[in-house]
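Shown here is one chain on its own, the form predicted on its own, set out as structure tokens.
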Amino acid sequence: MSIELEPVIRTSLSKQIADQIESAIVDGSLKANDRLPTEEEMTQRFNVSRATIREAMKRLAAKKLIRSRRGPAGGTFINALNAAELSDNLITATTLFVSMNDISIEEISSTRKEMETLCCRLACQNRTLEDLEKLEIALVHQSDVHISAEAFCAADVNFHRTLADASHNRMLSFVMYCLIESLQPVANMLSYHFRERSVILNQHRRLIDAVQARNTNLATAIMTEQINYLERLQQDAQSAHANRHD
């Protein structure tokens, strides 16, 4: 059997250094806000040139794993990432997974229902006055009668993301950030021709009130009501689309 052999590509020194530092972050050896050695110290430690160290730092900065600060107390530090910075790749992957594997409306709705009702339960238990204020601000923005359909969908995403943050469970909030950002805009834009804004706004108003009152049963019931409502609209939108192409 004959095979064609491709040239061996050697991993660059800068990538090896960046990978070592990233591995140290993953295994906990380096933590958020830890200061990295100076450029001079790293050239000696890794026995490489300054240019190689700078390229390694560029690789880490591109992943938002480090940040630089000038001044006497400056240097290069391990970054403390938030959900927005971490979730971009997951959002893209989730969106592709849904589109390429023909995920059904029912699957999307059942996933949202389970995850968002959990957010409601935890928000009722853990919400603060600041969380309630953020939810009110999100609702005011969404209530603007002059915003476009796309802007209304974006405001809807922001409302649900704010509710997830009110759970004060950082892992759940991160997972929900990916789920909401990747699935909800698609679902919303599919059904916005059929949706009554007033219905969504009324549901959100009642949801805030339930979370404020720490009424878990009511909050989860309202969330279930909204997801069921959107599922029906999405089915109507798909049916209308299919009929136009018959």
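Definition used throughout: the rigid core is the maximal C-alpha set that superposes within 1.5 Å between two forms. Just so you know, these numbers come straight off a predicted model, no measurement behind them. In case it trips you up, residue 1 is the first one in the sequence shown, and so on.
There is also a form predicted together with the DNA; it is not shown, and the following applies to it.
- Look at 214-222, 24-32, 200-208, 49-57: in the predicted bound form, residues with non-hydrogen atoms within 4.5 angstroms of the DNA sit in 49-57.
- Contact check for Leu233: no non-hydrogen atom falls within 4.5 Å of the DNA in the predicted bound form.
- Contact check for Glu39: a non-hydrogen atom falls within 4.5 Å of the DNA in the predicted bound form.
- In the predicted bound form, at least one heavy atom of Arg69 sits within 4.5 Å of the DNA.
- Contact check for Ala73: a heavy atom falls within 4.5 Å of the DNA in the predicted bound form.
- Once the rigid core is used as the reference frame, the Cα position of Val48 differs between the shown form and the other one by 2 Å or more.
- Once both forms are fitted on their rigid core, the CA atom of Ala73 lies 2 Å or more apart between the shown form and the other one.
- For Arg35, the Cα coordinates differ by 2 angstroms or more between the shown form and the other one after the core has been superposed.
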